[in-house]
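Heads up, the chain below is alone and in the form predicted on its own; it's given as structure tokens.
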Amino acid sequence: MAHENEFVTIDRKIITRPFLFLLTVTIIGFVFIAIRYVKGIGAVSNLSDGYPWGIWIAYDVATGTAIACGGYAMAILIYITNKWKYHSLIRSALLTSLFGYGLAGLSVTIDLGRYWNLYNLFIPSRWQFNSVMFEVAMCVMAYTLVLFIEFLPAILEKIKGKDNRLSKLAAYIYPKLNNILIFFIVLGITLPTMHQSSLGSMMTIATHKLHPIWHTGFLPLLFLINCIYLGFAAVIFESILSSFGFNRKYEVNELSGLANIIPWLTVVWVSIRIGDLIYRKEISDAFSGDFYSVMFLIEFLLIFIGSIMLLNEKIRKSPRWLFITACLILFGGGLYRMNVYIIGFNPGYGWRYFPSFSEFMITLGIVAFEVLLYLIFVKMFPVLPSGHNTEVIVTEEVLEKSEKMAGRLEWQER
């Protein structure tokens, strides 16, 4: 499934001003993580018995893994619906997914109060098969490994071009990995389907703690659809941002195709959401004007406006508007998950939670580290589409002009 010469390495220096800025934020975040392990979780967080999950779980895990579902969404589009014209976007989507899921796992270890018991997860005799959290943990770990294997061809392509023992080993593994890669692609589609719906299932047990606007039996289905349209929006966001940052031509045709899919997914998602509120007779709460109603309306309007805009073909062909609409979808869809996991969650009278400065800095540090790794990898390995090579661009432009010229000549001859 690897497509050599379809991807290129960005030939730029790694250490730049943005790199140093991100490195600074990463170091600050990791200093607070070190404090957490030295002094305990209470020294850096406002977590309590009422709020055992803060932004590390609500954002880094529940929301972050959904935004990192670009690889999952692209795999469905390419390998299930056979849309191979989008294959050039797959490696950058896999890379962001790999870092998103890997760092979500890191966030869980930071959030665990008794992290020294984590090894129990690897002892089969201590597995709890009835636990949704166990399924999520196993699926996330397995999917992170699958993402790495799916991305491995990019690393092997870089290594096997040299003249040493490692390159010979890479050249030996590369074709064999290609032959079995389809097995990991199937796993890469199955595992997120399981754990993304399970992330919704976990909050169904919070019957009296989660606000009725968000608590529903449809949470697993809503979370699953939500992660797919967030995945497509994340691919658009990453592609436009990397094209702008590296001064490359925008992949408008491919991104326009992805943008055309998002409104169909959000229409299904919004229909289930509103239909469920009407059926449960909670629609009046959603428009009551209180704090929870406002949060619902913000999430709803961001998704709705972004989706409506994407129905316009001119907007889908504009990199600027594609970026804006992708941001609207990402903020709206991400806010939905934050509402379910933290904003709409009320453990009872007397409990309050607002993230501490340290919690914010640890989250910022993890996000900065993810972007930092992305910048390093795209400059070390063939990740971004090669369609922007000068030769290819010139060839396409020449072909387009040739076709137009041929059309004019044909018209003149008539």
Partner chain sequence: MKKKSRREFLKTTAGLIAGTTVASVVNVEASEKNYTKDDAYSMLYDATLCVGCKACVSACKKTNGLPPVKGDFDKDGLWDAPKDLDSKTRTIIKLYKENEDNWSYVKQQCMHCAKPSCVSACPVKAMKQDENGVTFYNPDVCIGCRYCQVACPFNIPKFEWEKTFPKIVKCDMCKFTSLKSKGEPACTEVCPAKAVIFGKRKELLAIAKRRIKENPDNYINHIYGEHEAGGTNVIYLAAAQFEKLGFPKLDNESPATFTENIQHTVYKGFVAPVALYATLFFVAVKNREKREKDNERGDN
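These figures come from a predicted structure and were not determined experimentally. Residue numbers count along the first chain shown, from 1.
Although not depicted, the form predicted in complex with its partner chain is the subject of the following passage.
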Sole residue of Leu166, Ile278, Leu301, Ile205 within 4.5 Å of its partner chain in the predicted complex, by heavy atom:
Ile205
Let me know the one among Ile225, Ile213, Leu95, Ile343 whose heavy atoms come within 4.5 Å of its partner chain in the predicted complex, would you?
Ile225
Quick check for you: of 152-160, 194-202, 331-339, 241-249, which stretch puts a non-hydrogen atom within 4.5 Å of its partner chain in the predicted complex?
194-202
Is there a non-hydrogen atom of Ile28 within 4.5 angstroms of a non-hydrogen atom of its partner chain in the predicted complex?
no
Does its partner chain come within 4.5 Å of any heavy atom of Phe218 in the predicted complex?
yes
May I ask you to check whether Ser271 falls inside a 4.5 Å heavy atom distance of its partner chain in the predicted complex?
no
Against its partner chain in the predicted complex, would Arg126 count as a contact residue? Criterion: heavy atoms within 4.5 Å.
yes
Checked 19-39 against its partner chain in the predicted complex; residues with a heavy atom within 4.5 Å, sequence order, are Tyr37, Val38, Lys39
